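Below you'll find only one chain, the form predicted on its own, shown as structure tokens.
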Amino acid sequence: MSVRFERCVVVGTGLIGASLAAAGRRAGALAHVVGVGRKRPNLDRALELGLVDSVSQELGPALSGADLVVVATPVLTVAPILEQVAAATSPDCLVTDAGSVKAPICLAAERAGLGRRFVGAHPMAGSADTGSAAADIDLFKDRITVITPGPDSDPSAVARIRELWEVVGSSVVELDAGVHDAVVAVTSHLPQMMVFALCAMAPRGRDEDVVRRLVGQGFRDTTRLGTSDARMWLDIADLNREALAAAMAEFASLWDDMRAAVEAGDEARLRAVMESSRDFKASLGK
């Protein structure tokens, strides 16, 4: 392991930020981690759990001497934070993020003057739990992290950010930011919206107590993310609205076709969808 940052500032000590801080410290890649956030109890909890070395509610002072800044805040807050980071850090300080929407954030980094030293990242890991208390030092183990370098990203910066995610257990995939956003709209953002819709629909016009009693394991498995943070997902829907809306429209078209097949008793049309589903799911492995 060769990657090492002496002073890493993690802005946002929620599930992702606190987990990366802990995993990076354990791997020896992060010597001293400063956790930055708005809520003192969450920061104190991160410190108490040993996830970070020090904490601050003020971003400016925390950035002094940083050689790595990780922005792990809700996606709509990343752009203004990047402007502050650009103004308060040295040209040798690398900057990355952990947002699940990449193109707007990478563009914001370029506009802030961070193009050479910014490498966008999206760890494909998480849960419905939030805050530093939910941190998991093994959260990124055997998971994919996507990095999205821009056209001006320094190759050495890309290599170091790639290695950081690798030493905390991730397999790293490099993609264009726009390609990333279009794909995760289908594989991540659309499923979350479907879960919200299903959980909201189930009790409508029905005896809610009876619905709860008859919920089977399939419903529970499918709706595991039904308690996900609404604010976070409202921000994601806003920032990736074009790709998400397109994915929702495509799904709605397929759903309408399946509904028509059910109404018509068209077993062949339903079977074709089910077999296509089976083949793709089997290709994913366990």
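Nothing here was measured: the structure is a model prediction, and the numbers come from that model. Residue numbers run from 1 along the displayed sequence.
Absent from the display: the form predicted together with another copy of the chain. The rest refers to it.
Checking 250 to 258, 34 to 42, 65 to 73, 48 to 56 against another copy of the chain in the predicted bound form, the stretch whose residues place heavy atoms within 4.5 Å of it is 250 to 258. This chain is displayed alone, yet in the predicted bound form one of Ala157, Leu190, Ala134, Ile81 has a heavy atom within 4.5 Å of another copy of the chain; that residue is Leu190. A residue is said to contact a partner when one of its heavy atoms sits within 4.5 Å of a partner heavy atom; Arg111 fails this definition for another copy of the chain in the predicted bound form, lying far away.
Among heavy atoms of Ala27, none comes within 4.5 Å of another copy of the chain in the predicted bound form. Put simply, Arg206 is close to another copy of the chain in the predicted bound form: some heavy atom of it is within 4.5 Å. Another copy of the chain in the predicted bound form comes within 4.5 Å of a heavy atom belonging to His180. Contacts to another copy of the chain in the predicted bound form (heavy atom within 4.5 Å) from stretch 264 to 286: Ala264, Gly265, Glu267, Leu270, Arg271, Val273, Met274, Ser276, Ser277, Arg278, Phe280, Lys281, Ala282, Ser283, Leu284, Gly285, Lys286.
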